[in-house]
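First comes one chain, alone, set out as structure tokens in the form predicted on its own.
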């Protein structure tokens, strides 16, 4: 039986709180034996095709303080630009990872395959990118953003060209720091604030 929408009131929103790791990545929180391994421990297995890369970064609040209780989920295509479940996709790339900022430094590390360009639904090509979803204490609704790469041609990416404030595009670009290593910092507000997406 369908209930009238006027019968219920909206549940109050709340932040992820300091305990999000216990439920989502218990091993990281020091709780062993809940699962054989935490869900989304790695987006790739050892036989994944493509170039392995490492992305390191931190999530900063408006004062410049690195947030140490952030949890991030990533979703990406494989090295050929195909998502898990698509015909021809690399079976060794799930594309999903769930990871956390270090409790002492606030730094996160994502080790994965560099994704290939992805064909959009309208046939246009999206530049190689990784989607991120971010939660932490003080964030009421998870934040979505993307990581692009400064050694790729991002000039025609359908999402990036729609950002009206051109200089802010740089907040979505990971900077190469060494061979196959990148730095990507996320800033919640203030100077250099990361572009967040309503997707």
Partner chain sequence: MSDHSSLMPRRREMHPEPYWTDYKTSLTRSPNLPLLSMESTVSEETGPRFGHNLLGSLDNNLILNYSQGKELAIGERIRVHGCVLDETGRGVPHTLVEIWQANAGGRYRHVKDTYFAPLDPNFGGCGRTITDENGFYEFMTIRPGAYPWPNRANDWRPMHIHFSIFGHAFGQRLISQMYFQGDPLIDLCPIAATVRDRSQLDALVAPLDIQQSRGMDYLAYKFDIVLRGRRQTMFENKPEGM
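Please read these numbers as outputs of a predicted model, since none were measured by experiment. Residue numbers count along the first chain shown, from 1.
One more form of this protein, predicted in complex with its partner chain, exists but is not displayed; see below.
Undergrad: Heavy atoms within 4.5 Å of its partner chain in the model of the complex: does residue 75 have any?
TA: Taking the distances in the model of the complex, the answer for residue 75 is yes, it comes within 4.5 Å of its partner chain.
Undergrad: Contact between residue 152 and its partner chain in the model of the complex at 4.5 Å, heavy atoms?
TA: No, residue 152 stays farther than 4.5 Å from its partner chain in the model of the complex.
Undergrad: Can you check whether residue 54 is within 4.5 Å of its partner chain in the model of the complex, heavy atom basis?
TA: Taking the distances in the model of the complex, the answer for residue 54 is no, it never comes within 4.5 Å of its partner chain.
Undergrad: Taking any heavy atom pair closer than or equal to 4.5 Å as contact, tell me whether residue 169 reaches its partner chain in the model of the complex.
TA: Looking in the model of the complex, residue contacts with its partner chain do not include residue 169, since no heavy atom lies within 4.5 Å.
Undergrad: Looking at its partner chain in the model of the complex, is some heavy atom of each of 86, 159 and 193 within 4.5 Å of it?
TA: The answer is yes: all three residues contact the partner (heavy atom, 4.5 Å cut-off).
Undergrad: Just to make sure I understand: among 95 to 119, which residues lie within 4.5 Å of its partner chain in the model of the complex, judging by heavy atoms?
TA: Residues within 4.5 Å: 96, 98, 118, 119.
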